[in-house]
Each structure stands twice: as C-alpha cells, then as structure tokens.
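Listed next as structure tokens is one chain, alone, in the form predicted on its own.
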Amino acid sequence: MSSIAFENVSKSYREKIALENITLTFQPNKTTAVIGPSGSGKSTLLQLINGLIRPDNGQVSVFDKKINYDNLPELRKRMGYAVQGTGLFPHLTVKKNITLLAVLENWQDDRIAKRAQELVDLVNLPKDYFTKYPHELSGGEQQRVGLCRAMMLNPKIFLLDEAFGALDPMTRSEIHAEFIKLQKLEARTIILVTHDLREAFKLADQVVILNEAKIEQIGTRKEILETPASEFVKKFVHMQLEDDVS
C-alpha cells in the first residue's frame, strides 16, 4: 500500500485552478520530486498532504487513511516539513530549535539528547553548535539544522518545499550528499518540491511533472529523458537541462 494517495483531487483559489483532477500515489520509503513551472500547483500539493488546505473535490489519503481534518495535529506529528530558508526560530539556540517538537511531546531528556546527537552526527554538525544561534550559522549550516528539526520525531513522511533553493551551488551539493545519506540510513517517504530538474533527477526515485494544474508525466529520470509524454515535457526538459545531460 502507498503512504500517500490523491484520488481525483481538485483545488482552486477563487477563479484560479491550482490542481485539477489529480490522481497520484507516492511510493513508500522512496523520494518523489514534484517539478513544474511557477504556478503549476507544486506547493498546493504539499499543503494538501499536511492538511493545511482541503481539496474542493476528491480525496487525499495519508498513511493509507483519509485525512481526518478534526485531528490534524496528530497527523502532522508523523510528518517532517522543511521549507526554503529553514524557518528557524532566531531566539532559540540550535539545540532548542532541533529539539522543540520532542520537548512539546514530553520526551524524556535522555531520549531527546540521544536523538539530537544522532541527527547532528548524520549531517556533520559539530556538537558545540548546539549553543549557537541561527544568525551565527552559514546558510548551509542553517539548512542542516532545519533538516535535523524536521527529522527529530523520526517522521515516516518528509515534505520539502524548495528546501535547498536558496543555497549556493557548493553548499547545495554538500546538502544533497547529506540528503542521500540520510535517506539510506533512515528511509522514509519523501516528497521534494523543486524548480530544478537536475536536483529532481539526482535525489528522486520518481519525478512528477506538473503543468497548468495537471500532471504531464510521472516517471524515472530514464523514462522522462527517453520517452517524454508530451511536447511540453520535451520542451521543459530541454529548457531545464540545455542538452547537457550525461
């Protein structure tokens, strides 16, 4: 069974259609990248998964159950969510940012300390960073802290909304390597929204290409490159990669 499924889902904002009649499943413990032009519905898709918005029509299922909108906090405890810019609390230390959700969940101190140390070790952050504040960190270090916080409760679903978009190329490459390592060590269902097709191909097992609120193609890197499903996909890939795909 799939952890997440959309069945004939549509969502509009006033007169603008954000997603139209989307039927889609996400492979458990795999990374799916969602990509498309600005306004194609990428972020709306993530917001439907965590219950921030509701579909106008159709059904969204998470953990193989229809979302219970009367009990969203319980659902969100089982998800990690990271966005561009990390959203760290500037008045909290790195340790407090990372462990905030576990504290709210009343975890025991020793359990919190053990999990926090596991996470900073995974992303190669020195332990002495625990006492630093976000403004004292580089962009890449802040992103690592954001990833640690999102994974503190060991969620089985991880939502990333342009989480690496603001990083410089070198830092971004380093974060990509950490991301791949984390997925190997703690496999989870990951949905990565990105504007970068190279990033999608590098990190994802499956790629979903959206255009004008609809799915143009779902496939692997090989399938999308070798058998584009439409003229839009062909042009989109050519524009993104500029014929420089190895």
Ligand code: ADP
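Remember, it's a predicted structure, so these values are computed and weren't measured experimentally. Don't overthink the numbering: it's just position in the shown sequence, from 1.
Just so you know, the form predicted in complex with adenosine-5'-diphosphate (ADP) exists too; it's not on screen, but the next bit is about it.
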query = Hey, in the predicted complex, does residue 16 get a heavy atom within 4.5 angstroms of adenosine-5'-diphosphate (ADP)?
reply = yes
query = Heavy atom to heavy atom, is residue 39 within 4.5 Å of adenosine-5'-diphosphate (ADP) in the predicted complex?
reply = yes
query = Is residue 44 a contact residue for adenosine-5'-diphosphate (ADP) in the predicted complex, using a 4.5 Å heavy atom cut-off?
reply = yes
key: Interface stretch in the predicted complex with adenosine-5'-diphosphate (ADP) - options 175 to 183, 214 to 222, 31 to 39, 54 to 62, non-hydrogen atom within 4.5 Å   = 31 to 39
